[in-house]
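Before any questions on how it binds or moves, here is one chain, the form predicted on its own, in structure tokens.
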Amino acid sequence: MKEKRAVVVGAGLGGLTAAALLARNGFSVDLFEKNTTPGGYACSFVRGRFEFETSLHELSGLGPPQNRGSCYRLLEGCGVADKLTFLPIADFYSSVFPDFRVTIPHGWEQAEEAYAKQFPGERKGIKALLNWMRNIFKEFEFVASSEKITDFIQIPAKATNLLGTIGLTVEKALSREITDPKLKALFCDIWGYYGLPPSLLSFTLFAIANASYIQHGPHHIKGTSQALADAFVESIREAGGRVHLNNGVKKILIDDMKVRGVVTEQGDEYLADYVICNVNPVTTCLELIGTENVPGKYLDSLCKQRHSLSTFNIYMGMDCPATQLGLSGHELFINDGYDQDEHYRCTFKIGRQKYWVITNYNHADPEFSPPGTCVLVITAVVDGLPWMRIPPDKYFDEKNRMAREMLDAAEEVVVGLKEHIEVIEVSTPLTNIRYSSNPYGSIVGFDYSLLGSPVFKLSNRGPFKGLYFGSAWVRPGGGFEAAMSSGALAFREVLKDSKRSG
């Protein structure tokens, strides 16, 4: 029997997932990664006596043992779940607005009560909205697990709520059930996770993603998300796959509209019938294949997409516990007002933001940093384009100016913050670009507008036979859980094609 050979380009979460599933299902797999460590954005770094989580705030889709979610089941299938310790986070999120502060727990009834306690006159609409989201999530799980023809035939009848969200923004959906603008702002306060304000954001995506957090609860990973990436590498190697770090792919070989293999940065040629790209499709077409070789129709589809936002991060190792600073929860969203469109417009400017979040990593894991200390990270979603326009000789001045302004803003909420900083590191969209090669330093790939909702995302199949994509840039989209799901979808397409070929 002919050996089934596959190459995976890039060791982000989508690539790691695809490689693990391929290796565990009888494929000969080689995974190539240009960086010295695996994980893409799922990684950590060390400064002084502190280890910092690069990007993970809350991981969705896990759930406790009696209520496992799809993300946990996927990690089980990849041989990864039993290698990790998942730390539950008590609450969904906490918000600070000009005239109130509130914490939203996970759990449908608990979340409903928290929203209704703050806005008692909107209780009926809150209940209806959460029930709607809950039904959408159930229907999405049915559609996602459908494999038989009989399942697909039933989708129009069994997914009426899900299908009814197509064409709805979050703002329009919320307006059907609730009216208070302050409640709307609170309900949408994690819009930064998804990179668009409610007026532009797909309600399909919002409902599914938020429902996953509410139903299964958020988690963090002991040892940071680097432990997640390392566990994938271990699983791949246990199944006989090969992981090549510090050796990226410089060319994907195409012959007669079919993949032949790849050429690595070290000049070695690896032939394979199947190539899964964790690298975004823009970079893949521009640099690894060459636009002159890519069908115009596919290039047109890329041109119609819009990149999502990037991030500005201030990583801080503190010389005191978070409780000494008055911080008790995991994540606190700060809002200068209630106009989230205005907050979004501010993301296109370099300087103090009107919307940002501070994460306390010692809340979920008291051992995250040395005793008597804590790790805090300030994150603001920002657009990458203004940063790309800064002259190189002005970059550090602008980076440090914004850091000072954001620290001043944080000091207004967390009194005494600056005097307790022992170690500090700052990253910008240019940091994201340098590390990930993602256009504009995007954190979730193409945006989640109506045309960028999971229904309309680019296919996991590429423009050539044997080429697939498993990343935040294609179905189902960006975020840790979604990126891993994308790798699984790419694997499923490879499996279909390999069965057809005998």
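In this text, residue numbers run from 1 along the sequence as written. Because the structure is predicted, anything quoted here is derived from the model rather than measured.
In what follows, reference is made to the form predicted together with a small molecule, a form of this protein that is not presented.
In the predicted complex, I221 stays away from the small molecule, with no heavy atom inside 4.5 Å. Although the partner is absent from this view, H57 contacts the small molecule in the predicted complex, with a non-hydrogen atom inside 4.5 angstroms. Heavy atoms of F45 never reach within 4.5 Å of the small molecule in the predicted complex, leaving it off the interface. Although the partner is absent here, V494 lies well away from the small molecule in the predicted complex, with no heavy atom inside 4.5 Å.
In summary, among the residues I358, M318, V249, M133, the only one with a non-hydrogen atom within 4.5 Å of the small molecule in the predicted complex is V249. You can rule out all but one of 47-55, 22-30, 459-467, 64-72: in the predicted complex, only 47-55 has residues with a heavy atom within 4.5 Å of the small molecule.
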